[in-house]
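First comes one chain, alone, set out as structure tokens in the form predicted alone.
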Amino acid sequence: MKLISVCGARPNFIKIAALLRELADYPEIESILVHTGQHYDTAMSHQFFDELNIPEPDVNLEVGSCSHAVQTARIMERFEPIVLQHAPDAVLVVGDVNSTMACALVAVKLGIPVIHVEAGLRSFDRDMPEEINRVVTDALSDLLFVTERSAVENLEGEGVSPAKIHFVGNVMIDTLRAHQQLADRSDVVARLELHPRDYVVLTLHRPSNVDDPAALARLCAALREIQRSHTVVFPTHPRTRANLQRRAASTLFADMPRLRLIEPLGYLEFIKLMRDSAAVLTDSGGIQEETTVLGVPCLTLRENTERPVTISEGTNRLVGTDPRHIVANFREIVSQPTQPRTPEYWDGHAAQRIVRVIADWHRLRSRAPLTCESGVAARPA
């Protein structure tokens, strides 16, 4: 079997690392890694490849940063020749970024089956670019691997055949569990002169938070209160930093002596920073999952989440952007932290289940008889 695996952005790298590690145990599967270059700098790409032992990509499309439409178009234009050159039996995509949807579209238009890892998650908010990517990719996919039971229900509600859906767990947690001991040895907390449980971690990158001046002002009002009792450490995504600079960050963060903006961290350092914190404030999807397994309280600064299991079983609370609501919930989780449960199949073995299903699926397809229409041999259905 020849399989093209696609990654493009920071969350993809964490997920693809576990899958590639497992694929290495299947010599009958030829794995070709394509990096779209959606995230491309040292902090957002190269460092992750090094820390997670991801092999050098076989192909780098080098699309870089641009608008959603232009980036999607560039990925499709540059990915199509790669698919035609290698003629894979399937294209595997992970997550919900532009690279995910763009490469799925190319594959399906060329008659290549699509495998989607982390399928079925829904925020039911079409204003989120990621939601569009998720819905489109799932509609095109032949195999859909899901992380939680709500995703199964979402897909079946959209008319996806149950035969295509496989509840396998979370490959992001595979990578977390595999690297947790190594992350614990990081000196990042001491190097930043922080004390465990005396600081909180903040991440922001959603346009609804960093592009909307009113939403950003509300968040700053909440941060102003929180930093009175805890240092707020804010590793800033490049897009967020540029946005803050345009909005005069010095004015936004005035009177916040305990707010510290730092450069993006590598994977191991960031896991250690979260693990030793009193709480994490975020608008990221993956961080909701990581904090659940780390047992760290998490406040999600959004009106919705596509990962409800992190609330029902994990440490996550959905708090929106109302400063009074954020501060009240922060004080409660710090004084009375909850004891999380580990969601089903978040045991570090999701990649094993996924690759086993892919291998079995391909064997069944290979035994199917070929058909011919208009003199052109078709792939097994």
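In case it trips you up, residue 1 is the first one in the sequence shown, and so on. Quick caveat, the model's predicted, so the values are computed rather than measured.
Keep in mind that the form predicted together with a small molecule is missing from the display, and what follows is about it.
Taken together, the three residues Pro11, Pro264 and Glu290 all lie with some non-hydrogen atom within 4.5 angstroms of the small molecule in the predicted complex. In summary, among the residues Thr231, Ser284, Asn154, Asn209, the only one with a non-hydrogen atom within 4.5 Å of the small molecule in the predicted complex is Ser284.
With the partner omitted from this view, the residue of Met274, Leu144, Val309, Leu105 that lies near the small molecule in the predicted complex is Met274 [heavy atom within 4.5 Å]. The closest heavy atom approach of Arg149 to the small molecule in the predicted complex falls outside 4.5 Å. Taking the partner from elsewhere, Val171 is found to have every heavy atom lying beyond 4.5 Å of the small molecule in the predicted complex. Taking non-hydrogen atoms only, Trp346 never approaches the small molecule to within 4.5 angstroms in the predicted complex.
Shown alone here, Phe330 lies farther than 4.5 Å from the small molecule in the predicted complex, counting heavy atoms only. You can rule out all but one of 108 to 116, 154 to 162, 200 to 208, 185 to 193: in the predicted complex, only 200 to 208 has residues with a heavy atom within 4.5 Å of the small molecule.
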